[in-house]
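Only one chain comes next, encoded as structure tokens, the form predicted alone.
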């Protein structure tokens, strides 16, 4: 019920996070778009001219993977400090503290949606097979939000007690980047390891985005249900961990 009761506060904190994120930047939100584009150009040159991957629409293949990954990386890293970063709301007021995590993830969620919106014209320009299946985006991105929010609850709770967690998580994100099919086609994974490789939810998620955005393919119900199950488990587990650890937030902050 706190989502309804505190919806105005959640929205105000979300907008505040967005403003703070870009207020000291000359180009503002444009950096959110330039960053994946510039990274795509670098990776495109490396993997097309050095490693020579043969992949249809490789530029878009890369860009979709990068934008999808950015929501997980930016959302979790930002939300990790959401409790510690607002001590006044933790120690002086009584509000459900999940609100702080929720608003932080929502700000990254909005940024991610805008990045995907800017991607759409490029799909037409660079010759992607755009079909009505693109309308699956709200469904898939909504499920992705659950996954990021669930992970963020755990990270934000533990970060109150272990301030080095951001350094550890940064390493995990770098490893995850190369363990997910972002910069290389999934076809290069040996058949003997493919079954284990597909256990990574980000693999299924990124490939699902590419299916309906790049190739015009309808996402399989099995993959959507699997992702939804992962999202539900992540939120449930994250809420359980957060509730267990929040008792001493005020003391630790």
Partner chain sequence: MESDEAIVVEHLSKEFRIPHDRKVTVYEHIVGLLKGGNYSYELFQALDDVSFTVRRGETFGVIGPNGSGKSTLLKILAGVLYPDSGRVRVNGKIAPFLELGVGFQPDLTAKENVFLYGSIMGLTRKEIGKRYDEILDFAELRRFENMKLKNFSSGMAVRLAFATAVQTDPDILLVDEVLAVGDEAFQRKCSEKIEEIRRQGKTIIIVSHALGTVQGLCERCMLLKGGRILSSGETGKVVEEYLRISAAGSGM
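Positions refer to the first chain, counted from 1. All figures in this text were calculated on a predicted structure; none of them were measured in a lab.
Although not depicted, the form predicted together with its partner chain is the subject of the following passage.
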(message) Is residue 91 near its partner chain? Define near as a heavy atom within 4.5 Å, in the predicted complex.
(response) yes
(request) Considering only heavy atoms, tell me if residue 164 and its partner chain come within 4.5 Å of each other in the predicted complex. (result) yes
(message) I'd like to know if residue 13 sits close to its partner chain in the predicted complex, meaning any non-hydrogen atom pair within 4.5 angstroms.
(response) yes
(message) Is residue 95 near its partner chain? Define near as a heavy atom within 4.5 Å, in the predicted complex.
(response) yes
(request) Name the stretch: of 83-91, 123-131, 179-187, 147-155, exactly one has residues whose heavy atoms fall within 4.5 Å of its partner chain in the predicted complex. (result) 83-91
(message) Under the 4.5 Å heavy atom criterion, name the residues of 224-253 that approach its partner chain in the predicted complex, in sequence order.
(response) 246, 247, 250, 251, 252
